[in-house]
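Okay, so here's just one chain, in structure tokens, the form predicted alone.
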């Protein structure tokens, strides 16, 4: 079986998963206790004639099967109706495109922190077991993994707000002037020509966007960083004591060659599902972290849409999240075949 045939097979098998996910979303939102008309007019006006008119206008009195069919067709054609509550008159997918870049920006730096700090520390601890460096890295990983995101976010915001007194410098004015909690401005991505014509100003805006999202990215990536460090250490210890590594030593291979050609590649295998699953979580954002740092991304949007029963918006958000999760799982299986050639496509 070729890799393209394998991908096609996995995509076909993923379709029922996507259908099940969007169906459950529809049933929870539509059959739940939340009334969109009451969310629009307010709880005190949720039972009058105006509320009845809004329910009919939204199609809430149509047969449930018809509402479900229209919901599926709109998702498949990427033509979800306008938001009901959050931003009436704005198409759901258009509203998502406004909030999505902030979450992607936050997730990008969160993934980088988890990958380029957690994995190297884990491999270092595994290659130097029972040393002071191993103890420090392992203890730090456990502490980072154990701290709840919302608690760490609140502590970090408080620390940055008092940075002049506690740390001796003012965070909001360090390098470039930014607020402590506010959505990052990444409008420079919309005009790449500006980077060529005016690189100085564009670089300043880029630095502001990185600085603005750095504390939230540190909080969001901290638990993943600790998890990858712990699992990476265990994987290196198991690999370095395996029979084929002992055989390589017996053949006279240098320790450097053994580490790079045998230990690292095989130690990455158990990390693949961890990296891919956590990358999805980081990129999809965190409601609590976004609220504390006022990022106002996808997490914030999903919370508001769910609380107020905005079915088109919730449906579109869940559809995107489910498709991303399924895609990450398919990517994970393909990466297995790349990292470990012993895994054949016929076996998957």
Partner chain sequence: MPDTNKLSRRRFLKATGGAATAAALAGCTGGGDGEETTTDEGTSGGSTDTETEQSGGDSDENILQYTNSTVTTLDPVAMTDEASSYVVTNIHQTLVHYPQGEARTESLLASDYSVSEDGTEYTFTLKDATFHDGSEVTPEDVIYSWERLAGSEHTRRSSFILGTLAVEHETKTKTGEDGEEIEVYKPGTLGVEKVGEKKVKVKLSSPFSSTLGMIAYGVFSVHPENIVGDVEGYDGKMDYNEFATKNSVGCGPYKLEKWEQGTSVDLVKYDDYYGGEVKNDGIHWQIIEDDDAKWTYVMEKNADAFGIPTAKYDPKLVNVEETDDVGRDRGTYGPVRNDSTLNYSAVSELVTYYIGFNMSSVPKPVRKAFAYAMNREVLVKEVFKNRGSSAFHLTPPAIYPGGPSAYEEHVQSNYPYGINESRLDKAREVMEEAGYSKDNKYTLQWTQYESSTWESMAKILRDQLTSAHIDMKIEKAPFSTLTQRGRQGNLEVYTLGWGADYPEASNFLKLLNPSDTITGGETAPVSYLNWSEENGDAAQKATDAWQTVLNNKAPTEEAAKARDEAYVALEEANWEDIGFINLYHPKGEMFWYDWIDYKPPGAMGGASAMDKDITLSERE
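Model, not experiment: these values are computed from the prediction. Positions refer to the first chain, counted from 1.
Below: the form predicted in complex with the partner chain, not depicted.
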Inset, instruction - Choose from 125 to 133, 233 to 241, 269 to 277, 151 to 159 the stretch whose residues reach within 4.5 Å of the partner chain in the predicted bound form, heavy atoms counted. - result: 151 to 159
Inset, instruction - Note which of 72, 258, 214, 98 lies within 4.5 Å of the partner chain in the predicted bound form, where distance is taken over heavy atoms; exactly one does. - result: 98
Inset, instruction - Determine whether any heavy atom of residue 319 comes within 4.5 Å of a heavy atom of the partner chain in the predicted bound form, and answer yes or no. - result: no
Legend entry - is_contact(residue 119, the partner chain) in the predicted bound form, heavy atom dist at most 4.5 Å: no
Inset, instruction - May I ask you to state whether residue 49 is within 4.5 Å of the partner chain in the predicted bound form, using heavy atom distances? - result: yes
Inset, instruction - Using the partner position in the predicted bound form, report whether residue 140 sits within 4.5 Å of the partner chain, counting heavy atoms only. - result: no
Inset, instruction - Would you confirm whether the three residues 40, 56 and 181 all fall within 4.5 Å of the partner chain in the predicted bound form, going by non-hydrogen atoms? - result: yes
Inset, instruction - Using the arrangement in the predicted bound form, list in sequence order the residues of 70 to 100 with any heavy atom within 4.5 angstroms of the partner chain. - result: 82, 84, 85, 86, 87, 88, 89, 90, 91, 94, 95, 98, 99
